[in-house]
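Quick heads-up: it's one chain on its own, the form predicted alone, in structure tokens.
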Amino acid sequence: MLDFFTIFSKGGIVLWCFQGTGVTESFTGPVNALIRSVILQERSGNNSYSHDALSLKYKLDNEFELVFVVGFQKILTLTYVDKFIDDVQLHFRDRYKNELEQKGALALLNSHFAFEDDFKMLLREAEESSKARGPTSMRSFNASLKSQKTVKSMIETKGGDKGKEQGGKKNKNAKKEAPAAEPVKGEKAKAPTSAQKTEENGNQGLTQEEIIQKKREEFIRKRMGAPVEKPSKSPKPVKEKPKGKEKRVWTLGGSSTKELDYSQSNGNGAHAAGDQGLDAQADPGMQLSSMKGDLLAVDYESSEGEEEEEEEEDAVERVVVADTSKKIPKKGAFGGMFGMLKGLVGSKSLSQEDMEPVLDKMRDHLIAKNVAAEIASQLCDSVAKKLEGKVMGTFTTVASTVKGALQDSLVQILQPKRRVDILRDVLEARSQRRPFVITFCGVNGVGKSTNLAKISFWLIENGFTVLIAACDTFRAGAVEQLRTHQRRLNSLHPPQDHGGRPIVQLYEKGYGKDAAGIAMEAIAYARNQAFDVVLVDTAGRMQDNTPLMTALAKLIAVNMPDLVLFVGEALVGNEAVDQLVKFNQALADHSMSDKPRLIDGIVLTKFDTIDDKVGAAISMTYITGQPIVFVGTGQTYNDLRSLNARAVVGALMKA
């Protein structure tokens, strides 16, 4: 029934393995895929994984750093697998505890694990227990309650019904009259209720004489006109008036409206096509800094303060370990989030019950930071699986352990599985005498054309020629927007500095045309004219628009670009999951090849508008498994950055 079962360390040393009878294929491929796609990518919240025709179940042993993996055919429904893998783990741990406690890979290599007999015994017991349960049979008529009823009990008589009805009415009337028919009990009950009233009036704990004396004083105050003392209440905090919104000063906005008045430049209020290049050339706001080489990384000004706060928090936690009887005020970046379990310390193995309150707080914190709710839950489940059974040090707390594991997981998710080095790839494509093609896709209004222009400026600064393909033939003004960017970029790098050839050109065929055909013609034109890079701008489309998603899949399948970038804004929360899943699904469904082209990377825009709510970066990277290649941080050509994973995680974990 089972294809294979293997036990290996997290360092990659196989301790023991089993292969089923008749199975000739090696299990290294599925296990390596599990390690690469799940364990290394911090996606171990779910303990199952599918690879081709196989279904894999796995369990992590964090105390001895072991992984237990079982594989079987996907078409089989084996109900005993979960319990079986738990039994194997416990049995293997108990039998080879001394060998596993020896640290180092050499000790594991020298140890011999003869586990086959025990494994077959456990497998036999698991299979027999699953057969013994079997499907439950239906009850017979004699065993049912209906068989116990007699014919007489099922016959309805009119007298009996009336009696029941009259009795029912009498009972209802009796219930209604009950409160009014017992006035004596109510009078008797007045004595105990007076004590309840005194408690409600703030006289709790006073004797009868003290209550009478207090009432006399209140009566005298009323007669004399003095104000009656009300029971003291905690004063309400005085709310400070929020400061008014400060005016934003735009760097390119000018100091007066006269500088923005261009109506005198031409008689009809419009610029001629030839004059726009001169105007852009003379624009003082276009004097941008150089962007040669790799992009600068996104950073946060609060990162140094964050490190100081973390040091303070660590100091507080050490004091908690030394003396748990003293109350220590919550302090540091995670005082409110993790303060509740700082007392759980000591050299002990972590359990799910220990971590559950911390994980609940963590989940709420991630959702508040704009991480999609589904992704936040999966991350917390993955951290729980990673830490369950792990032995903590003497001077650590549950809070600090969970926080450290979460930070490591988030950094691992944001760091790309493969390096996307566009400059190197463009040079390689140039050596092959072909253009490097990048396609931009995404929903409406996220900034595809604007960030395409920023990337064009970065490529130009590094000495490459760029052809922009205007494949957004749907939105009015899309071609004109790209033409404006082309003129401004050429004004920054005049043709006379490049042998009289414009370094940026626009390839457009107007509106209403087939976008895939325009992209194909643009790539052919770039190959003939020796352009280094082709940037394909596509129309914005919602992920639920099937005709437009089919057209996008056709464009990518026909032209096979080198890089497909999804442009998403940093403002989205749960919507990021839906967008990326459906974009990838559409590209897979409408592709004509066995291995469809999916999204290769992400451009995260409007990053300057979200402060520290950077959760969209986590959601997008977790869903696709692809890196964030570019980050848009403003409205000028210089506002393009690469992602700094540790800075983003620092902002995400800030309370």
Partner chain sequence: MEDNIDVEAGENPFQPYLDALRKQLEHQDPIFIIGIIISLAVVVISFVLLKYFLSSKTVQSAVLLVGLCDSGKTLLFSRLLSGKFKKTQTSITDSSAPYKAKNEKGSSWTLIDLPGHDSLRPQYVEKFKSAARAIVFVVDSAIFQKEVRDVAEFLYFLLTDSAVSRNVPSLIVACNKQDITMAKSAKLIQQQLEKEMNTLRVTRSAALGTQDGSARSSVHLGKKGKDFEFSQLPMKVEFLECSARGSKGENGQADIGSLEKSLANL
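Positions refer to the first chain, counted from 1. Because the structure is a prediction, the values reported are computed rather than measured.
This protein has a second form, the form predicted in complex with its partner chain, left out of what is shown; the following refers to that one.
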message = If we define contact as a non-hydrogen atom of the residue within 4.5 angstroms of the partner, is Trp458 a contact of its partner chain in the model of the complex?
response = yes
4.5 Å heavy atom contact, Ser111 to its partner chain in the model of the complex = yes
ask   = Does its partner chain come within 4.5 Å of any heavy atom of Arg36 in the model of the complex?
value = yes
message = Considering non-hydrogen atoms and a 4.5 Å limit, does its partner chain approach Thr28 in the model of the complex?
response = yes
ask   = Every residue in Phe8, Phe607 and Arg641 with a non-hydrogen atom within 4.5 Å of its partner chain in the model of the complex?
value = yes
query = Looking at Ala105, Ile211, Leu296, Ala530, which is the one with a non-hydrogen atom within 4.5 Å of its partner chain in the model of the complex?
reply = Ala105
Option touching its partner chain, based on a heavy atom within 4.5 Å in the model of the complex, out of Arg424, Lys247, Lys131, Arg216 = Arg424
ask   = Where, among 370-378, 495-503, 424-432, 569-577, do residues come within 4.5 Å of its partner chain in the model of the complex by heavy atom distance?
value = 424-432
key: Interface residues of 5-22 toward its partner chain, as seen in the model of the complex [heavy atoms, 4.5 Å]   = Phe8, Lys10, Gly11, Gly12, Ile13, Val14, Cys17
